[in-house]
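Only one chain is included here, represented as structure tokens and corresponding to the form predicted on its own.
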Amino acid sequence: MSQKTLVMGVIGADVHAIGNKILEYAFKQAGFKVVNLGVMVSQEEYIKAAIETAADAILVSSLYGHGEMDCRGLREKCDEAGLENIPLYVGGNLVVGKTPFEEVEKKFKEMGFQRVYPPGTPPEVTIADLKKDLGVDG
């Protein structure tokens, strides 16, 4: 397959590094080039890395419940930076409280995210979506 580049990290003040490393490993094993920004990543850092690496997708992770606050405006900033067509993926425990996932997914899609994943989503699900969305064979 032609290798696609993913920029990933944990947004905001969230520091859950283990899940981030597991996803990085799974994406690399699936054949993606991964630029992992680590934890406590700002929106501007995602955008800068995506531009510098000509990334094919940005993957945002958040587990501490403040994902909505941290992700709001990312689509608009990407568009302003010339990344109008880059898909945004987000996953984790994205809101505080017990909000049904369907509501969370709707909210994040309205914020410009192409794919939204609840906590505990197996990496294989995201990998299959990435391959489909990015036109990767196999």
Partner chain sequence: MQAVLLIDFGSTYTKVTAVDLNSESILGTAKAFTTVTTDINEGLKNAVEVLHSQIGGTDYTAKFACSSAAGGLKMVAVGLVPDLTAEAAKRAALSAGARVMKVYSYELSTKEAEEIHKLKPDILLLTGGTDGGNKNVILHNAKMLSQIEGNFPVVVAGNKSVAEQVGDLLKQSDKEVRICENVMPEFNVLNIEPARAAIREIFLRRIIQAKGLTKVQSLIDGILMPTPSAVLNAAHRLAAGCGNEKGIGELMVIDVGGATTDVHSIAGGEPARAGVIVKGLPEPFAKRTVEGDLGVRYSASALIEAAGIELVGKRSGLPAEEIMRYVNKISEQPEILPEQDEKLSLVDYGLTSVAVKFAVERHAGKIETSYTPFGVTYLQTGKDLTGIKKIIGTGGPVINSKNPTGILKEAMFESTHPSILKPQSAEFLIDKRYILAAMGLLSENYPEVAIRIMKKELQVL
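As the structure is a computational prediction, the values presented were derived from the model and not from experiment. Residue numbers count along the first chain shown, from 1.
Beyond the structure shown, there is the form predicted together with its partner chain, which is absent from this document and is the topic of what follows.
- This chain is displayed without its partner chain, yet in the predicted complex the stretch 43 to 51 from 43 to 51, 93 to 101, 72 to 80, 109 to 117 comes within 4.5 Å of it by heavy atoms.
- Contact check for residue 128: no non-hydrogen atom falls within 4.5 Å of its partner chain in the predicted complex.
- Under a 4.5 angstroms non-hydrogen atom cutoff, its partner chain in the predicted complex lacks residue 22 among its neighbouring residues.
- A residue is said to contact a partner when one of its heavy atoms sits within 4.5 Å of a partner heavy atom; residue 89 fails this definition for its partner chain in the predicted complex, lying far away.
- Among residues of the shown chain, residue 30 is not one whose heavy atoms approach its partner chain to within 4.5 Å in the predicted complex.
- Residues 13, 14, 15, 16, 33 of 13 to 33 are found to place at least one heavy atom within 4.5 Å of its partner chain in the predicted complex.
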